[in-house]
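Take a look at this single chain in structure tokens; it is the form predicted on its own.
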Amino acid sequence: MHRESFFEIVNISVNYGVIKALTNISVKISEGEIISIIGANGAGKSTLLKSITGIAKVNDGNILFQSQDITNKPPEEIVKKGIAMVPEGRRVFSTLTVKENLELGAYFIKDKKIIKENYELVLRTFPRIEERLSQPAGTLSGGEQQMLAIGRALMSNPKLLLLDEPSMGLSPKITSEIFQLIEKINKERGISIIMVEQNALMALKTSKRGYVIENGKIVLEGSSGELLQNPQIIKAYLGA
């Protein structure tokens, strides 16, 4: 398998009734790469991730993962193939304990050895989670809940991790910590990551390449370094 053919979105369109949410979107990610998708609220970023996971129906185009067409496959099949999403707003199961939340992430994994290895990886990566295993997830801080949500996704043994607004509602200090952990997961495990994020500066600093989405269309793409220097990006997203 060529690295380039790891994951590719080819000219997809998604409609919500008469509303065009995405139009002719194409995105590519190589194995082990981090890419970011930036854009204003309502631009279509979350819809893009939902289309990958089978939650939003793709009307045209194809989504290919490891040379297999996964367009409009059921969400559980997508997870089994090795794609996991950390949803916007974290969405941990607040009444369950931290440990129970993590165990739910491994629901489709049958190999106990893999479950054990992933569990140990999550606790090593997120020591603060280990300290709170018996607590209800709803008692964690926002940053800890984000760590738990990422940890739960890692329990499914993903090859591709989708992050929907990982910095949402977090302080700058905790945001910085979360992004460092995202880089650590990528480097240590080689997991490819597609990150949708309104914090354009942090997203581009963490990723190798970026795509800019406006009104459901990709309007710019390039290396993160190029995008950080782009006057349009600076003006629209970096507050300069």
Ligand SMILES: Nc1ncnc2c1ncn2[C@@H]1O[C@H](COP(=O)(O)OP(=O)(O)OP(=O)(O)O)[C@@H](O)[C@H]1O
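Numbers follow the displayed sequence, beginning with 1. Everything quoted here is computed from the prediction, not taken from an experiment.
This next part talks about the form predicted in complex with the ligand, which is not shown.
For residue 40, a non-hydrogen atom is located within 4.5 Å of the ligand in the model of the complex, even though that partner is not displayed. Residue contact check for residue 88: one or more of its heavy atoms lie within 4.5 Å of the ligand in the model of the complex. The ligand in the model of the complex comes within 4.5 Å of a heavy atom belonging to residue 44. Among heavy atoms of residue 198, some come within 4.5 Å of the ligand in the model of the complex. Scanning 12, 218, 21, 228 against the ligand in the model of the complex with a 4.5 Å heavy atom cut-off leaves one residue, 21. Of the candidate stretches 203-211, 46-54, 175-183, 23-31, only 46-54 has residues whose heavy atoms lie within 4.5 Å of the ligand in the model of the complex.
Annotation for 67-87: no interface residues with the ligand in the model of the complex [heavy atom within 4.5 Å].
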